[in-house]
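What follows is a pair of forms of the same protein chain, given separately as structure tokens and numbered structure 1 and structure 2.
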Structure 1
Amino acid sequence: MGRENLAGEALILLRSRLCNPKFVFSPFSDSADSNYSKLKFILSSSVTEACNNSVLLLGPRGCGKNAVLELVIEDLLKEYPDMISVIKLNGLLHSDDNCAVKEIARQLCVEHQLLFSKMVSFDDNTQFMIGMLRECGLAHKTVMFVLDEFDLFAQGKQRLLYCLLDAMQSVTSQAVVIGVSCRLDADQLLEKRVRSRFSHRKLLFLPPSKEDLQRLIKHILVLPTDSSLPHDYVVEFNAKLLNILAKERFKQIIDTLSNSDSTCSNLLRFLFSAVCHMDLKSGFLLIENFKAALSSIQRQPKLEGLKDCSILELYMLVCMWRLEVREQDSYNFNSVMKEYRSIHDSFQTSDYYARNVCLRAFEHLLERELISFMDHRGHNQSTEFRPAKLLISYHELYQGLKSYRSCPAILQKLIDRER
């Protein structure tokens, strides 16, 4: 096989891994303390011991809550194929109680090959749901209700949650309610009557640590020796990859990535982009591929907007930043001009422009939305007197000046001094 063919086959293998949550999260399912093990124990005991349960999966978006839940349900369906029925709802689609109960009735009808009518009322659908829970309980079948965006179901009168949890108080019913939410206080949103029927089991999902990120990267990118790829190519590919992972430059890339977003979903996007940048001619992953991936997923419109600014506009931004550092509650164009003159007088810069030119630069920054007015009530007031504010952070401004080819050295010194 040619080197490009080998690289193409390796590329397909790595992409398939990145798109397979079961493979990605398998390293975290080995430990007994993992959320995978805890959730599987809760759900499997509910099935085998015929007990009702409710649990909340809480954590920031992209931490793998739904991925781990899907893995657990998939494993349980293999172990108990005729003892589990899964009903899935999403708060973005079914937060309305009537809509949610109708969707539950529809999925139960599909599951048990029954006819479903769209014209049935909320009360009739509720009675049908309670009756089906009773029948499933008598048949030793557990109904698992997965409520994604759980906090949205806790709005309004919470009739759905009350009906579900109240029906689970019956000895004959057999069900589990699994709520998934990025709000850590989701259980506090429940009404007293609903909270009293809730099991108060919660699993907290956190972004992986730096050590876990390194372990995950190695797990995903190291090629298996028992694949269809030639052994020599696999050994060389893995050796070059491990060499990259050990480099300080690569660790800096991962630190930059995790500082902005350390979730698993962001890491997978980063790795997928790095794999797609792989050079098929060489057949190996290079440090440049990871650099390109980092820049591609960290596109920042504010930073890109700075690249097209004039030198004068950069001066305006730095002046505004210096005013904000001094904790001035309110400043306008006149305040910025005073700061601009102060810089010119102190350092005798050659970049000094007339007031009307500076005003046009100020208005240009407003159009680019790099700055804005503090409020929109003073439409009749002159631009020079309306309070303004920066819309970019210090980090964005610092990086923008650093990457600007002809940026005056004085601006770099000024912003470094204010750090």
Structure 2
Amino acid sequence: MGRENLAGEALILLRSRLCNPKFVFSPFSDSADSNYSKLKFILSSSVTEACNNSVLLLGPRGCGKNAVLELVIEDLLKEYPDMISVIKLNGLLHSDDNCAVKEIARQLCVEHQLLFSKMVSFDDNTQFMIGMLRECGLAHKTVMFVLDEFDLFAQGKQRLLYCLLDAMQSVTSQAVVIGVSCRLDADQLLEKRVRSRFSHRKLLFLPPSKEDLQRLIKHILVLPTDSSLPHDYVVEFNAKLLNILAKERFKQIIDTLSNSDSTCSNLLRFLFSAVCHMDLKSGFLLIENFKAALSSIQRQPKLEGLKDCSILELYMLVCMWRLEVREQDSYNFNSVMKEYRSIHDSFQTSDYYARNVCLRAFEHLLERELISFMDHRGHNQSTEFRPAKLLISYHELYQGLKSYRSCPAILQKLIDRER
């Protein structure tokens, strides 16, 4: 009873850690050449020295660009209260100039407790923005513009970007423009005028390496010894966890996970799923939890569909595949029946069913979307004459047959031979 409560508490602690980007990215902020420290240095020097700056954060999605930026801004707001105001724009919402300027004016109004009117024209909004920048410059307050999805702002005439970056060329304004984008060539998309005014500072966010992944997992999952949980439970939990982490099987699981997608967000999703699979009765993480999490993330819907097929349906699939291998581009149910008959003739199988039973199996496969018709035009024709095609690949079929509970040896042999 007590163990379940403890396990529940530990689960809550781990889950809250995984959902808190501040906790996740804090080990990366220690080293001096991490992106966190570089970004913090650039932004804090712009604030303290009152000079204008622009920086671009690039990297694949899910590598922590926005998370690190939020951390840095939070720290700076604590260090320099009342000296920074942040304006956030998103390329998906505000790529049109009118929308963008209106949004900037609205955020400025909210920040400085002024009244905002929706009826104000584009010109007036621009004048307001320039005026506010000047005022903030005089008051030594830095305005930080965060442009999310920066590459979407670079469509069209790029007037907003030109306007913002040009305002930074004058002595009166004090602003920093931070662009966040997942396109690596985001600065090549800029017009040459805009690119000339941009300061070419780029910070590249890369997915973590294998060692960093291990460190991150350890950092997140190891329970702290000074929490409210009893000491011996924590010690036992950590010992078992470190044991799992050192196993070869675990490394294989992590490799399989990161071979297709090595970003932080994918890893966090995996860990969340693994932690949720924890058995509350025992109260410790097991390697089976991680295996279950992996299979829930890397789902193969077609394989799951194959698991529920009957033997006859498997025969149909194998026949269709043999037809495809023989370069027969279009075939219909009749050709499949012919192939089925030829297999029966050559191998003398016991699974030989009548035509209408096979047609029923064919329709089942259609419903389950393991096969489909070539085109959707021939509704007048009956099912037997319309050309069909397979929707699963050879590998999926092979794997499905291998893991099928009582697959006839004939089918395995047919698949194997043609490999």
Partner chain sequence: MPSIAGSKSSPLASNAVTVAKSGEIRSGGDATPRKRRLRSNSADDDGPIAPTPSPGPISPTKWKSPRRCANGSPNLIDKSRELLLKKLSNSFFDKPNWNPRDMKQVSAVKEALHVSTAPYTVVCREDEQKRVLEFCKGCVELEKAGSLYVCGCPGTGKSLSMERVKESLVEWAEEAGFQAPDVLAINCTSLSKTSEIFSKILGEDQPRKKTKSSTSPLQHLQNLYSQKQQSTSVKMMLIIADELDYLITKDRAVLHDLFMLTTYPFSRCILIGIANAIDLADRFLPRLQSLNCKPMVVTFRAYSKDQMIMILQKRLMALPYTVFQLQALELCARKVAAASGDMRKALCICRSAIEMLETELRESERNLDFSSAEFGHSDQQSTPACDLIKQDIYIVRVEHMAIALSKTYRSPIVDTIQSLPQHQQIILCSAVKLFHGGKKDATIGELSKSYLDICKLLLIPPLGIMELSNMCRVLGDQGLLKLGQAREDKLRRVTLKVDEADIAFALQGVRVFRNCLHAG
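For clarity, a rigid core is taken as the largest C-alpha set superposing within 1.5 Å between two forms. Here, residue number means position along structure 1's sequence, counting from 1. These figures come from a predicted structure and were not determined experimentally.
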Which of the two shown corresponds to the form predicted alone?
-> 1
Quick one: core overlaid, is Leu391 moving 2 Å or more at the Cα between structures 1 and 2?
-> yes
Does superposing the core leave Lys141 with a CA shift of 2 Å or more between structures 1 and 2?
-> no
Compare the position of the CA of Lys307 between structures 1 and 2 after a rigid core fit and state whether the shift reaches 2 Å.
-> yes
Shift in Å of the Tyr404 Cα between structures 1 and 2 [rigid core superposition] = 3.9
Once the rigid core is matched, what's the CA displacement of Leu370 between structures 1 and 2 in angstrom?
-> 6.6
